[in-house]
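Below sits a lone chain in structure tokens, taken as the form predicted alone.
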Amino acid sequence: MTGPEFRRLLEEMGFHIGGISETILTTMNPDGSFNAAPMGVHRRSHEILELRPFKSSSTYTNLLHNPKACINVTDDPGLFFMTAFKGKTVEDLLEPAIDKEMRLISASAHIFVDASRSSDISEIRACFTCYVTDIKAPAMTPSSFSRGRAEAIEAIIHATRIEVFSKEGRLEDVERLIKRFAECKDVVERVSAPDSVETRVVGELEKMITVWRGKA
């Protein structure tokens, strides 16, 4: 696959230059197993992407030891939830399967990258510059935009921060994010089916946030 083909596919998948797309990144653990975690991906130029993990994360440690990674493209709130909150469960959701090429099997497409170049952004975050080495993007069936699925993923992102800020005692930040979570939950409940993945995910998140808030 050539550079122009990479560029075309990245555009078709919604990775626009200067923008950030929410994905799930697979990296290799020191023991050879895989770690999958939600990750915002910034497209800096035609074939260069950036990852900005927290230095406390497994993603950061893994990339330092093995710069090969797979960016999994999906809009499935269930996948985002299961990879963000490992060990937590939602009814009828199975543990995501990862193949030997680091692909999250149920994702819609996969972008393979080399993240050999790294630098510090701050004391707590780093930046990995990624070069696209391959893209596996099977023909996709057109689908309608779902506000419910989008808001559920946004709610998951807020919840990951609520958990961290609760542990750090940052109560004002916690309350601000809880309000934003509530707005996401309201949209999901209005536009998604009662038994949908996104409805079940935000319901589970609400229970978790109540526990974190109590401990804070």
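Since this is a predicted model, take the numbers as computed values, not measurements. All residue numbers are counted from 1 along the displayed sequence.
FYI, the form predicted together with a small molecule isn't displayed, but the following is about it.
Highlighted residues 74, 78 and 95: none comes within 4.5 Å of the small molecule in the predicted complex, counting any heavy atom. The stretch in contact with the small molecule in the predicted complex, judged by heavy atoms within 4.5 Å, is 37-45, chosen from 66-74, 37-45, 173-181, 187-195. Although the partner is absent here, residue 153 sits close enough that one of its heavy atoms falls within 4.5 Å of the small molecule in the predicted complex. Using a 4.5 Å cutoff between non-hydrogen atoms, residue 11 does not count as a contact of the small molecule in the predicted complex. When contacts are judged by a 4.5 Å heavy atom cut-off, residue 148 does not count as touching the small molecule in the predicted complex. Using a 4.5 angstroms limit between non-hydrogen atoms, residue 125 touches the small molecule in the predicted complex. Think of it this way: in the predicted complex, the small molecule has a heavy atom of just one of 84, 115, 102, 135 within 4.5 Å, and the residue is 84.
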